[in-house]
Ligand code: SAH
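Below you will find one chain, with nothing else, as C-alpha cells; this is the form predicted on its own, and questions on how it binds or moves follow later.
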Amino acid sequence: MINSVDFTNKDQSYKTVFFETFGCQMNKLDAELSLGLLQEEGYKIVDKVDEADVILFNTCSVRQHAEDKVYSHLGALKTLKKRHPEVIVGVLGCMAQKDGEAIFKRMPHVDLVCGTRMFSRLPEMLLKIRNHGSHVLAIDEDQIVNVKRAVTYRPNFYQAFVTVMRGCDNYCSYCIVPYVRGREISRTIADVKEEVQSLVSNGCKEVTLLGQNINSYGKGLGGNVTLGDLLSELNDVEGLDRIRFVTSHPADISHDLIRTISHLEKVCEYLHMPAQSGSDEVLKRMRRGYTAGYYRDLISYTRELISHITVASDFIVGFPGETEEDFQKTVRLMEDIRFQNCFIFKYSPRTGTKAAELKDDVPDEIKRERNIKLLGLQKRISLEENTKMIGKEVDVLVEGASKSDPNRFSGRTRQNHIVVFNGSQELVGKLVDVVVHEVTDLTLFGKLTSCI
C-alpha cells in the first residue's frame, strides 16, 4: 500500500516520461491507460531514455526471458541514475507484482514498484517520490482497477483494446498469471458499453475485448451474465464495425457462446484458443481441464456453425515429462486443426507455480529442436492455407502504411489475415475490398477494388 499524502500540487517541474511495455495485449492496454493518465497530468511522452524525467517499464512474468530482459534494461540505467539522481525509475505490472520489494534489493536505483492493480494511482505515486524522495512499493492484491479512460489517447485511432475482465481462476500448473493478476473480476455490461460508445464517438471502428480468461466473463456480476450477452449488446452499438475478443480457454468456452457469435454480424470470425499440447497426459499435468479430443470436437463444432472462421493457438514444448510420443501428438493436432498461426514457446519454470515442483527433465536442446519443428510445421500450414486465398476478394479495415513498404498500405481481414495492397492515406480507417494475388505464410498481398 502507498501512504496517504497531499497530491494537490500539480506544478511539477518533471514532465517527460519514457514508457516501455513487455508482454501481452493486456499489458499494452495497461500502458495505454497509464500514459493517458500521465498525459492528463501534463506529461509529455518521449521515445529516448536520456530525454525522460521518468522512466517506466511495464513488465511481463510469463517467461523468464521477459524478466531477464527487464533486469538488463534496469541494470543499464545505473550510470544514468548516478549522474541524474532526480530521474525516477519505475517497474510496473506482473514482474512488479510477483517480485515486489526484491526488485529494490536487486536494483537499489529503482524508485517505484507498482503492481498490476495499482497503476491507476501512478501520477500520485510519482509525485510522492518527487516530493519525499522515498521508494514506493504498491502491490495491493485487493485493489480493483478502475481507470477513467482517456479515449482520445490510443496508438491506433480506428482500433482499441477494451478490458472487460481481469484475473484468472484456472491456475494452470505452468502459469504465473493468477498469482500476479489476481482472481477474476468482471466489469458490468453497462460500463463496458459506455466505454465502447465513447471510443466509437471518437472515431474507433474496431474493438478487441480483453480478458486473461475472457470466456469466464460475468463472474462476480450476479445472475447469469455471459460473454455472449456482452457481445450481443456491443453488436448493437451504432458506428462500430468490428468486435474481436481474446483469449479463449478451451475448458470455459461454451457451445452457447459459439451459437451466439455465429448470429452476430459484427463479431469477427477469428478465435484465439490456446491448446498448449496435443497430449492428454501433458494436458493433465498442465491442469488444463480438457483433452485433445475435446479440443478437436470444439473446433469441429465451431467450424460447423462458422465455416470460414480461422483459429490461432499457443503451444508449450518441453513441459516436464513430455516424451517424443507426447510431442508427436502435438504435431498431429496441429496438422489436423490447421491453425492460421501459432505462438510456440519452450517451457521454463516459474517460481510459485505447481509445475515448478516438477522435474524440468526435457533437455534444452530437445526443447529447442521441438520448438523449431513446430515453427516449421506452422509456417508450412500457414502458407498452404494462405495460398487458398489467391484470387479471392477480402474485406480489410485499413490500418495505415505498410511497415515493410511505406508506398503501400496494410490492414486486417475479419479472420485476422494481414493484407498489404495499393492505396492512399485517405483510406485509413475505412473498410476496403482487396483481391489477393500473392501470399507468404504471414501476409496476403493484393489489389484494391473498392472501399466503403
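If you're wondering where the values come from, they're calculated on a predicted model, not measured in any experiment. In this text, residue numbers run from 1 along the sequence as written.
The form predicted in complex with S-adenosyl-L-homocysteine exists for this protein as well; it is not shown, and the discussion that follows is about that form.
Contact with S-adenosyl-L-homocysteine in the predicted complex holds for all three of Gln212, Ile316 and Lys346, each having a heavy atom within 4.5 Å.
This chain lacks the partner; the member of Val62, Val420, Met389, Ala31 within 4.5 angstroms of S-adenosyl-L-homocysteine in the predicted complex by a non-hydrogen atom is Val62. With the partner removed from view, the residue among Phe327, Tyr174, Tyr270, Tyr295 that has a non-hydrogen atom within 4.5 Å of S-adenosyl-L-homocysteine in the predicted complex turns out to be Tyr174. In the predicted complex, S-adenosyl-L-homocysteine lies within 4.5 Å of some heavy atom of Pro274. Contact check for Thr247: a heavy atom falls within 4.5 Å of S-adenosyl-L-homocysteine in the predicted complex. S-adenosyl-L-homocysteine in the predicted complex comes within 4.5 Å of a heavy atom belonging to Arg350. Only one segment in the set 397-405, 62-70, 44-52, 420-428 has any non-hydrogen atom within 4.5 angstroms of S-adenosyl-L-homocysteine in the predicted complex, and it is 62-70.
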